[in-house]
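Coming up is one lone chain in structure tokens, specifically the form predicted alone.
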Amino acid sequence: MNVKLWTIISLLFMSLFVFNSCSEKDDNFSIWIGGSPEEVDFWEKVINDFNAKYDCNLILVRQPTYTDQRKQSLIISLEGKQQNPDLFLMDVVWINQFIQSDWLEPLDDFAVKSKFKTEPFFKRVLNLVDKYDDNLFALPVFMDVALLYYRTDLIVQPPETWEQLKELSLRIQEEQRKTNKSFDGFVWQGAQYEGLVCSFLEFIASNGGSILQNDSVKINSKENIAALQFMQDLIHKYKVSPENTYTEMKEEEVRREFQKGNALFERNWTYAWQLHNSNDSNVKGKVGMTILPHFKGHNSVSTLGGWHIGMSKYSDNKEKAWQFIKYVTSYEVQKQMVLTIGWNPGRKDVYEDKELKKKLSQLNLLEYVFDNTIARPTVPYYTQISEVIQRNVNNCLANKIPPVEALKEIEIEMKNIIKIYGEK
């Protein structure tokens, strides 16, 4: 079925569901949430506990599993100025678009009135994505970053630089291929999709490069050329990353290869840690996790991911909606989130919890990475920019065009996008 048609049908169904529910009780309000069945089950419990504690009637309306469909259903509702949903989750890259479209209710007055403090949250994350013109429009519910996974049975010390990663990959790969022809040095996300933008951003930023600076295009720089050349060389010159990096490698493809025991290093999000250490994993007990490498003379960076909660400007239940925002971002619920489903909390103070630190050794690492994370361009036309980067960087990884040509083309197309969408 056509994705747009499917989204419209889903939206109609969700609207009917909310309307029918609200007809039974006039204090109903709704939150739209998607994701896996396990994630939705967790949200149902959180919402049921909230309703019982505060004698409210918050209704969960399930969105599609896929991120793009979730976004589209929200856009249709918000563009139509519908009262539902009152609350919703946003992928970190949607927030600026929703702010610029004037769809989000500012949270500052609610915070002041209820003496809500933002100090327990990661200041860097709030400033990067949740605030605009010093106004607060969203709060992080759970966050994500990319990390480097490595085989502790094959190397003693993880690499600090990309050059060290390459050298270790060459040496260990040669040894392992004597008994495992499928073994690769480094697997990472290089297919043409959003994950490639995240990988690309980490490579260039760890070489001092950037995509945008104050809405000015900075993509075609010597730092970025060198970083993209290295990405291409990992596949074609050094051959430590497989040929299907640019055709197939997304999160799950990368995870499965590493988990089979077919790679020394893996770039992936935090969800992979639990799966790598599951009973059916070939690398259980043989996996380490650390920050991503950097180029000499620069610092490691990791792309910020995760989901943030916002309130619709068109909600007619704003006080109750704010009550749930406070609840779901509270210390107690954020801790429950870690223990129940393994999500990384949006609150910085939860990472200092003694019980969690005993159970989850990676919390210190994650806290450090979140304090040094980098966001994708926070502009309302990010979707258009992302498509341009994906297409041209992927062409470069496929060895169809050299890095210089790829970045020149990205620069031209980005400037055209800014002319169309960026002028006020």
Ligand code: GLC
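We call the rigid core the largest set of C-alpha positions that still match within 1.5 Å between the two forms. Values in this document were obtained by computation on a predicted structure and should not be read as measured data. From 1 onward, residues are counted along the sequence shown.
Not on display, but discussed next: the form predicted in complex with the named molecule.
Proximity to the named molecule in the model of the complex, taken as heavy atoms within 4.5 Å, picks out 91-99 from the listed stretches 207-215, 127-135, 91-99, 293-301. Of the candidates W103, W307, F121, F324, W307 is the one whose heavy atoms come within 4.5 Å of the named molecule in the model of the complex; the others do not. When you look in the model of the complex, the only residue of E202, E194, E257, D353 with a non-hydrogen atom within 4.5 Å of the named molecule is E194. The named molecule is not drawn, but in the model of the complex it has a heavy atom within 4.5 Å of E251. In the model of the complex, none of the heavy atoms of M231 sits within 4.5 Å of a heavy atom of the named molecule. At least one heavy atom of C198 is located within 4.5 Å of the named molecule in the model of the complex. For the chain shown alone, W162 is not a contact residue for the named molecule in the model of the complex, no non-hydrogen atom being within 4.5 angstroms. Annotation for 60-77: the only interface residue with the named molecule in the model of the complex is T67 [heavy atom within 4.5 Å].
After superposition on the rigid core, the Cα of N364 moves by less than 2 Å between the shown form and the other one. Fitting the two forms on the rigid core leaves the C-alpha of M90 displaced by at least 2 angstroms between the shown form and the other one. With a cut-off of 2 Å and the rigid core superposed, E387 has a Cα displacement that falls short of the cut-off between the shown form and the other one. Compared with the form shown here, the Cα atoms of Q69 and M249 sit 3 Å or more closer together in the model of the complex.
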